[in-house]
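Only one chain is included here, represented as structure tokens and corresponding to the form predicted alone.
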């Protein structure tokens, strides 16, 4: 991996792959919107459904384009968008060798993280997120008593992790290093499987606890009621968004305008209620922005 220190160099890399990149006019000329996605929670189900799948289908129709879903992985999703290898390192990002561009837009419940902001351009936030620590009823951990102060509650959670094995996944929003889990005295356990398998791995005894984003946590609580328990938060509030190439500002602007319309007429809220009804119990204010 070679570190590129300016956006200009990244853009040069993108334009070195003619015919594959492009902004809104190029995409319209091609007649197809390629939606890059990773099957995750209720955002992408891999069968044409999911909150972000339906959102992108609506956006393609709004633009008068054919919709095409392009499945990828968490490791490859940003490279497949940018046409260059990407890796997070010490809070920054490394850009490497050129790779084929496979899509125009990423939408799969992607958390807006500082290192990702150095690589992609994000839309207006589309979904709330926060990282929670979950455990099982059989484990010794118990939920904290909320104080009404988020920073204090995060401190409470981290204070009880001494000697606790905690499951996370590198390169994602539940990367253990992002939340300094090792510094709490916990025993970090890196998960090598699919992101969607984190909660089942906890139930199978892979660790005493697991880091999960709100979408995964809500699904786990619904799927295994009484078996999984939320201990408390380990992060400040976060947001998820749709990712674009930095050299596609017109496509980004078109999406933001479209999304604003969906919010104002209530269409987006209906989609959210279809796939994440429980999110309104925790973050209802987010969808009235």
Partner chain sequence: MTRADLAGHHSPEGQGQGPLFFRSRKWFALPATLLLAGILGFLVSNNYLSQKKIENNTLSRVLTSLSGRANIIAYFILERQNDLRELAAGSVVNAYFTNKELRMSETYGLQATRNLVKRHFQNLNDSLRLGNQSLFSGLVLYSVSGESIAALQQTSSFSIDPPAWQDIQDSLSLSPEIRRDSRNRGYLLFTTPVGNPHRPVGYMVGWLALDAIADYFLKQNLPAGSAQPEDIDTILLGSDEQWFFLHQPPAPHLAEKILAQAGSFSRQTRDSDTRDFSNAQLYMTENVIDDKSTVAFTVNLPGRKMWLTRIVKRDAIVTSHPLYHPLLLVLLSSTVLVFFFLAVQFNTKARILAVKLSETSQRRQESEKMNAALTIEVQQRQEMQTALDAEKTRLQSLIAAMPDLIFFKDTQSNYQVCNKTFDDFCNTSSSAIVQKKDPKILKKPVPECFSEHDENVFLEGKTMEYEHWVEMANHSFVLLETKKSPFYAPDGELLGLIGVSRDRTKQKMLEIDLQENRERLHLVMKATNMGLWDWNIPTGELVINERWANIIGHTKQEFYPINIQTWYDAVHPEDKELSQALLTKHFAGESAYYSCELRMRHRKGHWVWVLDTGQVVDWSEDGTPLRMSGTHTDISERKSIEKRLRESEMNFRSLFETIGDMIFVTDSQGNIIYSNPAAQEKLGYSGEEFVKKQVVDLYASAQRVEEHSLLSAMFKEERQNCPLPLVSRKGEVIPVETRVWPGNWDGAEALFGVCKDLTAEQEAKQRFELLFRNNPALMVLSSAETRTIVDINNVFLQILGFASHEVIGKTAEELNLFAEPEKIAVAQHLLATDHLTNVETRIRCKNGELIDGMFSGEVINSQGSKHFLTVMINITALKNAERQLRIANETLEQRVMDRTKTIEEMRGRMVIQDKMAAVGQLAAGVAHEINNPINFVTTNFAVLKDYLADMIEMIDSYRLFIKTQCSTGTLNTSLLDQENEIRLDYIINDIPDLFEESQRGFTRIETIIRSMRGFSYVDRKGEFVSYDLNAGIEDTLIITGNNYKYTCDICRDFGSIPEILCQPELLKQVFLNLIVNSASAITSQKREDQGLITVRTRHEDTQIVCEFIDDGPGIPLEIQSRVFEPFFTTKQPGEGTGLGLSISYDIIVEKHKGEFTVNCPASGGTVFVIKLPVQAKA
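Values in this document were obtained by computation on a predicted structure and should not be read as measured data. Numbering follows the first chain given and starts at 1.
Another form exists, predicted together with the partner chain; not displayed. Remarks below refer to it.
Residues with any non-hydrogen atom within 4.5 angstroms of the partner chain in the predicted bound form fall in just one of 244-252, 225-233, 50-58, 29-37: 225-233.
Listed residues 125, 200, 155, 143 were compared with the partner chain in the predicted bound form; 143 is the one with a heavy atom within 4.5 Å. Just one of 112, 206, 150, 98 comes within 4.5 Å of the partner chain in the predicted bound form, counting any heavy atom, and that one is 150. By the criterion of a heavy atom within 4.5 Å, residue 180 is excluded from the residues contacting the partner chain in the predicted bound form. In the predicted bound form, residue 160 stays away from the partner chain, with no heavy atom inside 4.5 Å. By the criterion of a heavy atom within 4.5 Å, residue 120 is excluded from the residues contacting the partner chain in the predicted bound form. Using a 4.5 angstroms threshold between heavy atoms, residue 41 stays clear of the partner chain in the predicted bound form. Contact with the partner chain in the predicted bound form holds for none of 62, 69 and 260, as no heavy atom of theirs lies within 4.5 Å.
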